[in-house]
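Below you'll find only one chain, the form predicted alone, shown as structure tokens.
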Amino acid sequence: MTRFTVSYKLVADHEDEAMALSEKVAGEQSVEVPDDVLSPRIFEIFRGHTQKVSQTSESSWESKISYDSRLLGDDLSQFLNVLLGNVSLYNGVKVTGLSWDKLEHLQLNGPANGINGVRALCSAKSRENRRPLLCSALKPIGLSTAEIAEICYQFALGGIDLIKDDHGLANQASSPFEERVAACTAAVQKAADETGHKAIYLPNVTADGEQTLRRFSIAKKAGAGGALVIPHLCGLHQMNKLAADAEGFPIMAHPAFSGSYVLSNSFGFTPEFLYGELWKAFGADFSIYPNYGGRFSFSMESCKKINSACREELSATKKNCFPAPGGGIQRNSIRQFSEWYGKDTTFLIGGSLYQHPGGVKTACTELIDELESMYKET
């Protein structure tokens, strides 16, 4: 059977310590008993094996550990368990990479659309110029459905590419889910009838258990353009299920509840692995992450690594996804971020549009015009 390899960053003062920690991880993530109680067959097949440990800095090491695919069975939850199960409780162990080409037998759906597929759903100008896409969120919580739909209508009139529910909009009494989806879908269509430009509306379908699947189905039947999913609330496996039925209906993944996985330098996942690889493998067409300079700020280096990881086709699914930096993007900074990040980026911009003295319609029109002028073919 195939063995796949997980790369870990280990924190250790010397090589012997790093090797011991690597072997501890290899056992913990597989058989979870002392080696001297294992039969030769179990040790050879089911125990993880350290392939290589190499120093990367004074107290940092890279470990490559291989695992037999028979450890996984056919469950994606068990795949995640082997990837970062018990060692999520270890300090000094951080997942940095994975040999995805060895996992093609898993039912990883990957993005149903990818960057090119999403562009095919967008307005003609954004396709032709291949400029960055612009997205904003409907907020705040507490507005009535009619008030939210009016904001959605103004965004769409302004020519914005994507309009998503704020991740906090769920099924509150102020704006119930089904009522909001119907109203916002109608608002987007009304704007399209008037302007010829149809924005993509993505309602937040995140809910408890099977309710996520139900809301996804409701959104599709209502004529929405895609869905917002919070994978660390509803489950990565639920997003993977949704991706199987998401062709022409892109999924945008939101990072709420994921911070503890990526903010430490010594445990969890690297941001580029979680947001750029893992989410993509489980079906995200857009990966939202905290942008440089924002209130949840990642470093510029980290943001660029996430962007690159998102755009690279994953060998297990042959698809890529849009990096979607959010937070810290202002009306007067989008040109600079566009130059830094490039064309295949979806920029999430919120408060700055709401603060425009001319309203969100005017704010969107100005920003879209600026992006179009930057990337207009000559």
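A residue's number is simply how far along the shown sequence it sits, counting from 1. Because the structure is a prediction, the values reported are computed rather than measured.
Although not depicted, the form predicted in complex with a further copy of the same chain is the subject of the following passage.
| Of 300, 192, 170, 218, which residue is found within 4.5 angstroms of a further copy of the same chain in the predicted bound form when only non-hydrogen atoms are counted? | None of the other options qualify; the answer is 170.
| request: Answer with one of 130, 198, 139, 105: the residue that has a non-hydrogen atom within 4.5 Å of a further copy of the same chain in the predicted bound form. | output: By the 4.5 Å heavy-atom cutoff, the listed residue in contact is 139.
| task | Report yes if any heavy atom of residue 270 sits within 4.5 Å of a heavy atom of a further copy of the same chain in the predicted bound form; otherwise report no. | result | No, residue 270 stays farther than 4.5 Å from a further copy of the same chain in the predicted bound form.
| message | Taking a further copy of the same chain as it sits in the predicted bound form, is residue 70 near enough to touch it, meaning that at least one heavy atom pair lies within 4.5 angstroms? | response | Because a heavy atom of residue 70 falls inside 4.5 Å of a further copy of the same chain in the predicted bound form, the answer is yes.
| Using 4.5 Å between non-hydrogen atoms, is residue 41 touching a further copy of the same chain in the predicted bound form? | It does: once a further copy of the same chain is placed as it appears in the predicted bound form, residue 41 has a heavy atom within 4.5 Å of it.
| said: I'd like to know whether residue 166 contacts a further copy of the same chain in the predicted bound form, with contact meaning heavy atoms within 4.5 angstroms. | reply: Judged by the heavy-atom cut-off of 4.5 Å, residue 166 is in contact with a further copy of the same chain in the predicted bound form.
| Segment assignment from 97-105, 227-235, 300-308, 114-122: heavy atom within 4.5 Å of a further copy of the same chain in the predicted bound form | Within 4.5 Å of the partner lies stretch 227-235.
| Hey, with a further copy of the same chain in the predicted bound form, do 60, 153 and 367 all fall inside the 4.5 Å heavy atom range? | The answer is no; none of 60, 153 and 367 reaches a further copy of the same chain.
| message | With the partner left out here, which residues of 16-40 have a non-hydrogen atom within 4.5 Å of a further copy of the same chain in the predicted bound form? | response | Residues within 4.5 Å: 24, 28, 30, 31, 32, 33, 34, 36, 37, 38.
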